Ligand code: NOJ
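There is one chain below, alone, in C-alpha cells, taken in the form predicted alone.
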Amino acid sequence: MPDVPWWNSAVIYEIYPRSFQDTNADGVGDLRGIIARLPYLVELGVDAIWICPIFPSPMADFGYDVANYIGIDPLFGTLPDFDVLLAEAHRSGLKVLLDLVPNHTSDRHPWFVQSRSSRDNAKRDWYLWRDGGADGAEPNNWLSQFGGSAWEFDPHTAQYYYHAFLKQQPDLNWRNPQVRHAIYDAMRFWLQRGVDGFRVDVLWHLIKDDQFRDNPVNPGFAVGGPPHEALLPLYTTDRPEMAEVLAQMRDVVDQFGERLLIGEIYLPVERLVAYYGRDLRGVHLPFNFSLLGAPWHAGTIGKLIQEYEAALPKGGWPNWVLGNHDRPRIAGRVGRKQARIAAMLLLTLRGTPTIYFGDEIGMTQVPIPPDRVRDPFQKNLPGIKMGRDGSRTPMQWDDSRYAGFSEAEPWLPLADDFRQYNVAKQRSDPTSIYQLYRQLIALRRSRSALLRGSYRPIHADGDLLLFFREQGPERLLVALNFGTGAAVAKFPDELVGTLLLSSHLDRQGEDVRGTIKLRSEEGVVIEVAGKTPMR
C-alpha cells in the first residue's frame, strides 16, 4: 500500500527483552535471544517489534531508569549486537522501534550526578530542584506514582528534587531547552543507526507546572487504590505546553523519512487525541489503552469504540492495545476463551494493533510468591495487589525445564501451566490461539477492508458486538459473541456472504444467508456479497 505510511497497515509486537529469550544462561533475556527468535516473529506475521528499554541502567526499574541514552546495557549485549539485530530484522522485513524514556533518568546518569553536585552547576536546571517549606517540609503536595511524596531531599545541596516515579528516577526539566536538545540528539543517534521509530514513555508527564502549585484532591478516590490517585495530577501531567514538545519531537523523526512516533499516554480519550498534535504534527499514534481496563461486555466495548472513533481528529490514524508490560494479561483478565474474542477484536478494528509478547499463546497472569517479587512498584506498595511482575514472566517456548527461555533459572518464575501453553505445542495444534493469531494477521494483510476500511457499527443487543469494515466494493462483517451461550444475529434476507474465519478455527467457507449463528464465546469474520444492510 504505497499511498500510506507503513504503520497504518502494520501489526506491532511488544518485546519485554528481559523475558523473551536468554542465550547466555544468566536467566535474563538478551539481544541475541531476540535475533534467534526473529524467524518466529516472521512466522507469526507481525510487521514491527517494539523493544522495551535496553540502555545502560542500574535497573532500579528494569531499564526505565536510564544512565546513558546512547548505549546498550551489558545485561542485554553490546552495540554491535544491536546493529546485528537491526540488520537481521530489516532483512526479515521487520521494523524496529525503541523505547525512549525522556521524562526521567537514573540518579546515576552523569547529568544528574553533575546536577546534584552543587546549586551552581551548569546542569542544575536540567532537573527540578526546589527549596522546602518554612518548616522544611516538601515543596508541595505532589505524589510519586510509586508511593509517598514525589520530592526527595538531597542533604548535599539542601534542596528537594522531583521524581514522578522512584527516587532513583529524577525527572528532567523539560522547560530547559538544553534538556530537549540532549534528548533530541539521542533520538538522532538511534535514527541515524537505522531505528524505525520510538515508543515514548510517559509522554504526558514531561511538562510540570512552572508555579509548582498543589494538586487538587481527587473527590472520586477509591479507598485502597494506588495512593497517588488521591490527588488529581492537574499540575504534574498533560500541561498545555506539551503541544510545543510534540511538534519538536515530530520534527526530529521527520528528518529521517518514514519513522514512527508512538506516545504512552494514559488519559481520557478526549485528552488523548490532543497528542496527535496541532495539524497532526504530534505523535503518529498516541497509544489507545481503553481496552486495557474496560469492563468486558459487548455493549461497553462497542460504546468505547464509537467514542474513540468520534474523538479522532480528521486524518488521525487509530490504534488499539490489549496488553503491555504494566497491566495484567488479557487472558488473565477475561479468561482464555474470551482471549480469542479479544484477539479477533484487536485485529479487525480500524487502526494499528499492538500485541504484547505471549498473548498470542494465551499466557496468563502468573502469581508471584512474595520472595520472588521484583517489581519496585509492588515492593513500595505491598498492600496494593497490582504488581507488574505477573505480566512480565518469561516467554513459554516449549515444555522443557525452563520453557525454552533459558538454560538457567529465569529472573521471574514461569507459569505452572507452561507445559500446556507454549509455542511448540500450539504450533502443532491447528485449533490453538496461536494459530488463530496467525490466521487473523494473514487475513488482515490480505483484505483492504481490514487494513484501511471504514468502521461501521451495527445495532446489536445482549452479548453481541457487530460491525462492518468496508473499503470500496469489499465488505466484511465482524460478529463477536461475548456471551457464554449461543447467540443468533438476524439480518434482512439480502445479507449473503461467506464465512472467512471463526475464532474456533472451523466453519471456513460456510455460506451465510440472513442469519448468523454463533456458538458460546465465538467470533466470526464474514465476507458479505451484494447490498450491505444498514442495520
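Note that the structure is a prediction, hence the values are computed from the model and not measured. We number the residues from 1 along the sequence you see.
Omitted here: the form predicted in complex with this ligand. The next part is about that form.
From the list 466-474, 481-489, 494-502, 56-64, the contact stretch for this ligand in the predicted bound form under a 4.5 Å heavy atom rule is 56-64. Of the listed positions (104, 259, 109, 208), a single one reaches within 4.5 angstroms of this ligand by any non-hydrogen atom in the predicted bound form, namely 104. Residue in contact with this ligand in the predicted bound form (any heavy atom within 4.5 Å), chosen from 180, 438, 427, 388: 388. For residue 359, no non-hydrogen atom is located within 4.5 Å of this ligand in the predicted bound form, even though that partner is not displayed. Of the heavy atoms in residue 83, none are within 4.5 Å of this ligand in the predicted bound form. The closest non-hydrogen atom of residue 146 lies within 4.5 Å of this ligand in the predicted bound form.
Interface membership of residue 165, defined by any non-hydrogen atom within 4.5 Å of this ligand in the predicted bound form, is confirmed. Residues are counted as partner-facing when one of their heavy atoms sits within 4.5 Å of this ligand in the predicted bound form; in 295-333 these are 325, 326, in sequence order.
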